[in-house]
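Take a look at this single chain in structure tokens; it is the form predicted alone.
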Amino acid sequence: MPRYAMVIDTRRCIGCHSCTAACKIHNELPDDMVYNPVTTVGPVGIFPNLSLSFLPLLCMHCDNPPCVDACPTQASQQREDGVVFVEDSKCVGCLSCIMACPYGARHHNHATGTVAKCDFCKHRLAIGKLPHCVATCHQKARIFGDLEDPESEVSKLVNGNRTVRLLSELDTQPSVFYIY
């Protein structure tokens, strides 16, 4: 069984937002909902030596997801491969999972009354394709694969580089790793 993870190489990200646009279009998200925002950090430094960096955000698909534990209807679930998702038919829109997520990665869909989030494009994974955000990243800043496979690019990057996970002190064990 694979254990899916994503590595985001912030050194390669140019802040083009193609990942955001691809996700929004392919998931047909409402105007007020973004699963994949890219945050601009900076400018940093003193003129003329200024720099910008970009921090792509998304659901962290935690190994220990507080959102799943917070859901009273078991609509928030985690598959064996690590993908965290919301089963729409079970969601009553109580927003408990939104409050439990320390990453702000869950969104109330006002049109349906349910909660929605990134699910690593599980429908694409089922047919052997990459998530839309990864497939559209022309800078190759997003790398996706099986963390358990020592030959996968994701595994090699996590084990061969200094990576960080956001809010690691919370012990949620995110499956999204960043290279700086």
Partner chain sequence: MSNKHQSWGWMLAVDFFFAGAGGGMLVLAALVELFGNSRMSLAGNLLGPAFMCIGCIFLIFELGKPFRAWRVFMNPKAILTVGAWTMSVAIATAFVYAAMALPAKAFPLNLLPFDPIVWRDWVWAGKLLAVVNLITGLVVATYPGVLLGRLKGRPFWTGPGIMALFLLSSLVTGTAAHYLCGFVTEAPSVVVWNALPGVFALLLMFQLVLWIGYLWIKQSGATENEAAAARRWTSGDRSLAGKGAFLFLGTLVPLVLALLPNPAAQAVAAALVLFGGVTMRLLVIKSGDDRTYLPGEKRYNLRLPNGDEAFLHKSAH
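All values reported here derive from a predicted model rather than from experimental measurement. Positions refer to the first chain, counted from 1.
We do not show the form predicted together with the partner chain, though everything after this point is about it.
Asker: Just to be sure I understand the contacts: of I25, I14, L170, V164, which is the one whose heavy atoms reach within 4.5 angstroms of the partner chain in the predicted complex?
Answerer: Of the listed residues, the single hit is L170.
Asker: Applying a 4.5 Å heavy atom distance criterion, does T20 contact the partner chain in the predicted complex?
Answerer: Flag for T20 set to yes.
Asker: Heavy atom to heavy atom, is D149 within 4.5 Å of the partner chain in the predicted complex?
Answerer: D149: no contact with the partner chain in the predicted complex.
Asker: Just checking whether V38 would be counted as a contact of the partner chain in the predicted complex - the rule being heavy atoms within 4.5 angstroms.
Answerer: Yes, V38 is a contact residue.
Asker: Decide whether T114 counts as a contact residue for the partner chain in the predicted complex under a heavy atom distance cut-off of 4.5 Å.
Answerer: Flag for T114 set to yes.
Asker: Heavy atoms within 4.5 Å of the partner chain in the predicted complex is the criterion; list the residues of 40-68 that meet it.
Answerer: Result: T40, V41, G42, L55, L57, V68.
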